[in-house]
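In the form predicted alone, a lone chain appears below as structure tokens.
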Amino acid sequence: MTMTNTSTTAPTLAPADLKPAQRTWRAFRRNPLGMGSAAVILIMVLIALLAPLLAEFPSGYGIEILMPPSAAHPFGTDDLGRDVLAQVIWGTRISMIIGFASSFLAILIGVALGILAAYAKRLDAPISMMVDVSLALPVLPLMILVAALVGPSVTTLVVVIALFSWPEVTRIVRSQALSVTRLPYVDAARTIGGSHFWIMTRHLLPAVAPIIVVSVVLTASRAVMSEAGLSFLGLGDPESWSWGKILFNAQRSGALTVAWWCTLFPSLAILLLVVSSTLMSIAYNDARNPKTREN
């Protein structure tokens, strides 16, 4: 009596049979820089979420002042004896919150205006002029002025950074949406009586979705840099920790010249986030581009 093997394996889809999103993910997985950068950003997000479990909130004073990195304090201590590692961990939470919250708000404004400019011809000229004027303004001095007038807080930083970050998103989304508005299926949607809102949300918005994914990551990293700059100038939230506030405290106490560890580790955190965001965005663009990805 012979036994027959009845087990079957799932058929493997050829590259041509995969959906565009599946082909993009398949190409992205083959890029080690992209996957490594995504892993770094994911680790930072986990650190931000698990900050209360990883370290106590750095407050009060300690007796070990300006101690270099050691087994007890891997990142050393500051001028008040507080653990720098705990500051970096809690700073990750606030920096990521400000980065992604301001990025979300900037993307929301930028995508809405970009799609409106591409679809409504009457609004294209004023929106484009507004974008050009906004991009020509000195961003950092205006950020400092607005933050100083309103008062330092996390909400203030989110709103201020978002208000000066949307123009780049609008310009990119508009250029992408303009090519879609000329396609036949958009004209067909108008012919059958589709509303303007329905056409913009069902046709234009999905077409610019890949651009939005890249913009979220890049805008968030730039927002973190902007927050670090404002906090370094003393315009951050005094009741919370961020990477910029760590640098501000080191500069204010004079630890910049005598305790390198007080500035090295928060600076490395900012650098790591910016580089990872840039590399992941490049890898994603290459993965979704049929001319550059491998089949």
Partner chain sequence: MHLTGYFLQRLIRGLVTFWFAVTVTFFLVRLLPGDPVLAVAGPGMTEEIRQTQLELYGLDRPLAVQYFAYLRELVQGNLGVSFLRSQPVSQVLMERLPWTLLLTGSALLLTVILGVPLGVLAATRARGWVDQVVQITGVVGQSLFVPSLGILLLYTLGLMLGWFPIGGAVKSGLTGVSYYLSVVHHLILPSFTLVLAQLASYVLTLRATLIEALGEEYCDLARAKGTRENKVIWKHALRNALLPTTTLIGLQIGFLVGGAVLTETIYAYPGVGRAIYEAVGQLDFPVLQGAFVLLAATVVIANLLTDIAYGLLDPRVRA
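Residue numbers count along the first chain shown, from 1. Everything numeric in this text was worked out from a predicted model, so none of it was measured.
Omitted from view is the form predicted together with its partner chain, to which the following refers.
The three marked residues, V40, T181 and M200, fail to reach its partner chain in the predicted complex, with no heavy atom of any inside 4.5 Å.
Contact with its partner chain in the predicted complex, defined as a heavy atom within 4.5 Å, holds for exactly one of V213, A120, L145, A189, namely L145. Contact with its partner chain in the predicted complex, judged as any non-hydrogen atom within 4.5 angstroms, is confined among 190-198, 203-211, 128-136, 106-114 to 128-136. Using a 4.5 angstroms threshold between heavy atoms, R171 counts as touching its partner chain in the predicted complex. Using a 4.5 Å cutoff between non-hydrogen atoms, V154 does not count as a contact of its partner chain in the predicted complex. Its partner chain is not shown here, and in the predicted complex it never comes within 4.5 Å of any heavy atom of A101. Although the partner is absent here, L140 sits close enough that one of its heavy atoms falls within 4.5 Å of its partner chain in the predicted complex. In the predicted complex, M225, A228, G229, F232, L233 are the residues of 206-235 with at least one heavy atom within 4.5 Å of its partner chain, listed from first to last.
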